[in-house]
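Here you get one chain, nothing else, as structure tokens; it is the form predicted alone.
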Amino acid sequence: MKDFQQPTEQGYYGQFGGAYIPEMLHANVEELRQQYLTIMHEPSFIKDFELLLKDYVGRPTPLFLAERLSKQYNTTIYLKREDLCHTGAHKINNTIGQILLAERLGKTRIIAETGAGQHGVATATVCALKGLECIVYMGEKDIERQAPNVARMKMLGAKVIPATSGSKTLKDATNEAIRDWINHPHNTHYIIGSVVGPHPYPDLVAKFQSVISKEIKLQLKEKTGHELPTHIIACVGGGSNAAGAFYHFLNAPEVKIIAVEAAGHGVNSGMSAATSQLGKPGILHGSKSLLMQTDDGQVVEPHSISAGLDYPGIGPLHANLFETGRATFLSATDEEALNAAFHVSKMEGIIPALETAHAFAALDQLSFQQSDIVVICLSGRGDKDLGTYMQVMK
């Protein structure tokens, strides 16, 4: 049977992945590639990682039966409550793992990129925990629309540097972080926040986030007697929460995997981030994946109301899931995501992040049996998006 979890030794999932990097970064990436699996399997690493996830992050996160949503859709819907993690989203799972990696590699300076700000906050948090210097690159546009998270990063001691080129969003912040890494190759570790970038990043981020689906299996077994859901739904920008939620179900063909992208103003509006529908194979930020691009290979600027989904590519793991048909890719517009956010808030008393709201919006595009067990990865809480929500409520 095809293995959807593990990349090849060169970091390929099908035709997607690899490490397409400047020569000056080769030593950094190669050091990480050669050592990450060995370090991650060390008993001391596993012990430190699991202890911090438990006592600092607050894992395991609950698997919550959403009774009113279940009744509305005449099925059983569970929410994996990643919004209850310390810092308010799944991002902390990965930054905990990577800060422990960085320590063992002897790195003293940490850089990161962020869109919605949640990864930036999670990176600043673990740097404060470990007493390491922290630089976060963030698009100027995202700094404006995610002001609470910018304040949190600064309070945690991070230096937030605006990316002022291009669309001034996540793609441009990533470009700036890569430039920084080229200029500081010896003492710096780049904590990439999603399943993107050169190998081994997509694999190591997926492995750190796979705690989500590991817990889902155990919790479903306890609640239903079965460890497999019929459907697992998650939003996808770069795709780290989705990779984590899907991971332990990827090789179980009976589980329907549903990835939900941001359609922005509409898939074909020219203001969208629905990469699987609009993208072609190309190279971005160090790996080959599906990428929104012009005929001559220039990156098309994405758009989403959600800063965390405002990215012109997807991780190579997800590109392979799309190309092989292992996952079904849907999309939700800005308006559909907003409507879903308000609906879930009123139905279940949980205000979701705008990213997660896209996953909820997909419920109206799917049909379920009464006997189905549907799990939605509630990847983050909506505090950071209150400014956007308040504008809509005026």
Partner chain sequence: MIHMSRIQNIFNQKKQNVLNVYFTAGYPQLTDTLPVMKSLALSGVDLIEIGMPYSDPLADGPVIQDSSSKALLNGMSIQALFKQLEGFRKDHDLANVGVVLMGYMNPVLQYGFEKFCTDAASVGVDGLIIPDLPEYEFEEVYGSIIKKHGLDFIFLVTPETTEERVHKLDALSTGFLYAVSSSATTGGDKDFTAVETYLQKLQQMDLNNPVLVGFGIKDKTTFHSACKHANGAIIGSAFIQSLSSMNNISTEIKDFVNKIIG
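Predicted model only: the values in this text are computed from it and were never measured. Numbering follows the first chain given and starts at 1.
One more form of this protein exists, namely the form predicted together with the partner chain; it is left out here, but the text below deals with it.
J.: Only one of these stretches, 250 to 258, 179 to 187, 85 to 93, 268 to 276, has heavy atoms within 4.5 Å of the partner chain in the predicted bound form; which one is it?
T.: Of the options, only 179 to 187 has residues within 4.5 Å of the partner.
J.: Of the residues Pro162, Pro148, Pro281, Gly157, which one places a heavy atom within 4.5 Å of the partner chain in the predicted bound form?
T.: The residue from Pro162, Pro148, Pro281, Gly157 that makes the contact is Pro281.
J.: So the partner chain isn't shown here. In the predicted bound form, which residue out of Gly106, Gly297, Gly131, Gly225 has a non-hydrogen atom within 4.5 Å of it?
T.: Flagged contact: Gly297.
J.: Report yes if any heavy atom of Thr75 sits within 4.5 Å of a heavy atom of the partner chain in the predicted bound form; otherwise report no.
T.: So Thr75 does not count as contacting the partner chain.
J.: Using heavy atoms and a 4.5 Å limit, would one call Pro22 a contact residue for the partner chain in the predicted bound form?
T.: Taking the distances in the predicted bound form, the answer for Pro22 is yes, it comes within 4.5 Å of the partner chain.
J.: Give a yes/no on whether Ser210 approaches the partner chain to within 4.5 Å in the predicted bound form, heavy atoms considered.
T.: Result no; Ser210 lies far from the partner chain in the predicted bound form.
J.: How about Ile135: is it within 4.5 Å of the partner chain in the predicted bound form, going by heavy atoms?
T.: Close contact is absent here: in the predicted bound form, Ile135 is far from the partner chain, nothing within 4.5 Å, heavy atoms only.
J.: Arg68, Asn339 and Arg381 - do all three of these have some heavy atom no more than 4.5 Å from the partner chain in the predicted bound form?
T.: None of them does, since no heavy atom lies within 4.5 Å of the partner.
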